[in-house]
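Here's a solo chain for you in structure tokens, the form predicted alone.
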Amino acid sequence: MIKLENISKIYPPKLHALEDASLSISQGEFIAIMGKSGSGKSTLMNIIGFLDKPTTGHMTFLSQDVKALTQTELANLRLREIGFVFQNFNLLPRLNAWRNVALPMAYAKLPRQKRKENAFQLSTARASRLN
């Protein structure tokens, strides 16, 4: 599903944030990226999530060359195919929990009623696992 080959990221003037990283993630596979501070974890996640481009190397997603995709195509892939679990949650404080859960579904243009149903299902599924 995602394949990175010899990915490097250099920020000007000469900050090597990531050097020669290779990684393959299969569909349905869960991974954790761990390492000490400054080891390139955030840079790698930004590249995997199409938020940043590597300086060198090759990346494919669903057998597509990521370099060949437009910004709109990358945004659509982020919307429909990529999910992030942030360390510090990144919730919008002005929205309640359900609205935070439903927000990505609004971007995906799901009807309001479907967003409410999905948010409810997600919250009750989570609650049942906690009990």
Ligand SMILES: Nc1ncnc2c1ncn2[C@@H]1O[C@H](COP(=O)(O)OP(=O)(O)O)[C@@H](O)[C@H]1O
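The first residue of the sequence shown is number 1, and the count goes up from there. Values in this document were obtained by computation on a predicted structure and should not be read as measured data.
The following text describes the form predicted together with the ligand, which does not appear among the structures shown.
Proximity of H58 to the ligand in the model of the complex falls outside the 4.5 Å heavy atom cutoff. Contact between G40 and the ligand in the model of the complex is found at the 4.5 Å heavy atom cutoff. Remark: K36 counts among the residues lining the ligand in the model of the complex, judged by a heavy atom distance of 4.5 Å or less.
A residue is said to contact a partner when one of its heavy atoms sits within 4.5 Å of a partner heavy atom; F120 fails this definition for the ligand in the model of the complex, lying far away. Partner contact region in the model of the complex: 41 to 49, out of 98 to 106, 71 to 79, 41 to 49, 58 to 66, criterion any non-hydrogen atom within 4.5 Å of the ligand. Residues Y11, L15, A17 are the members of 5 to 29 with a non-hydrogen atom no more than 4.5 angstroms from the ligand in the model of the complex.
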